[in-house]
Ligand code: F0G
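Only one chain comes next, encoded as structure tokens, the form predicted on its own.
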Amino acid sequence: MSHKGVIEQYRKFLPVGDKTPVVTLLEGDTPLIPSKCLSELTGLEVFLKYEGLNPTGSFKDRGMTMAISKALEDKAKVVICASTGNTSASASAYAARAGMKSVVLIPEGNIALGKLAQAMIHNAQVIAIKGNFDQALTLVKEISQKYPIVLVNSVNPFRIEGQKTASFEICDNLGDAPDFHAIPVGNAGNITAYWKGYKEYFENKSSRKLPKMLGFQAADSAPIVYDKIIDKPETIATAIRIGNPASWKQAVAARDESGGLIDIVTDEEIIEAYKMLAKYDGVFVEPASAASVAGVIKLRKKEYFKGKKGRIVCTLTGHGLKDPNIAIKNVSQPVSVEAKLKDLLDVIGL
């Protein structure tokens, strides 16, 4: 049976009715890829949930199909979001599909061009503010409260509903929930959504256990770990450069209820994991995605997994082409030679 998008696939677990117009780009059904190098490193079975293969290249599409469908059901004409990139790409694509206008606020100079290009080609009205993501979110919240514009950031509860479907897919694929689930934490909607999904599947007896949730924030953008708002968050991983997460309390609840943790990883650890995924597993992700893998590597060094067995799933939130500049800066550049066989063979080492 062909995949029809996450709403049709998991309709009974979602707040939709017969009159909900389903706006879909056939999101979801992303691969769960075994990682040989990480499995050897940890001694557990490690799988990569590669969300970069959603229609707009990130996990945001799962939540956006729900948010835009429900907005259309309410006869909305305009949607708005604050974004570091992926949300804007997804919101503008689904809004275009629904025939709506989309407005996007971004922090000036702090957004990857690959993501900004997506929002613009989908005809979004993109406005750069002289401030950070958290300030942009405050502004769009105020606008949506005072004017007939639907906010589609993860404070919109339908976003969380859609994003939880990734945990359903993992359980369906593995035959049960994993023992650990590692995930990057920025605005914290995703860790909230996965935990919600795992609990619902468990309560429905569609799985037999619950995983420990392992969340990872960038070291200089880690408000949950430090338990304080970060006024000027910094990290190479733009998607998680957030100092005051919208789903802060829910993320802490997911950590505590699951018996897991939320820790920090440095930019250096993120880039190391980013390059490792590409080199050994053939999987190209945006830097923020690699935070989950960097976290697993860090925990392995701290012997967190010592004596433990089972399965770990690492969420890879977005595709590497979202932020190609980071890749270019962290690899050796092409070598230039004369168009002669001998010169070419010398460089190859033959």
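A residue's number is simply how far along the shown sequence it sits, counting from 1. Please read all numbers here as calculations on a predicted model, not as lab measurements.
Only in words, not in the display: the form predicted in complex with the ligand, which the text now covers.
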item	value
Segment assignment from 288 to 296, 41 to 49, 303 to 311, 25 to 33: heavy atom within 4.5 Å of the ligand in the predicted bound form	288 to 296
The ligand in the predicted bound form: contacted by all of Gly85, Ile240 and Gly318, heavy atom 4.5 Å	yes
Touches the ligand in the predicted bound form: Val104 (any heavy atom, 4.5 Å)	no
Contact of Phe133 with the ligand in the predicted bound form (heavy atom, 4.5 Å)	yes
Asn187, heavy atom within 4.5 angstroms of the ligand in the predicted bound form	yes
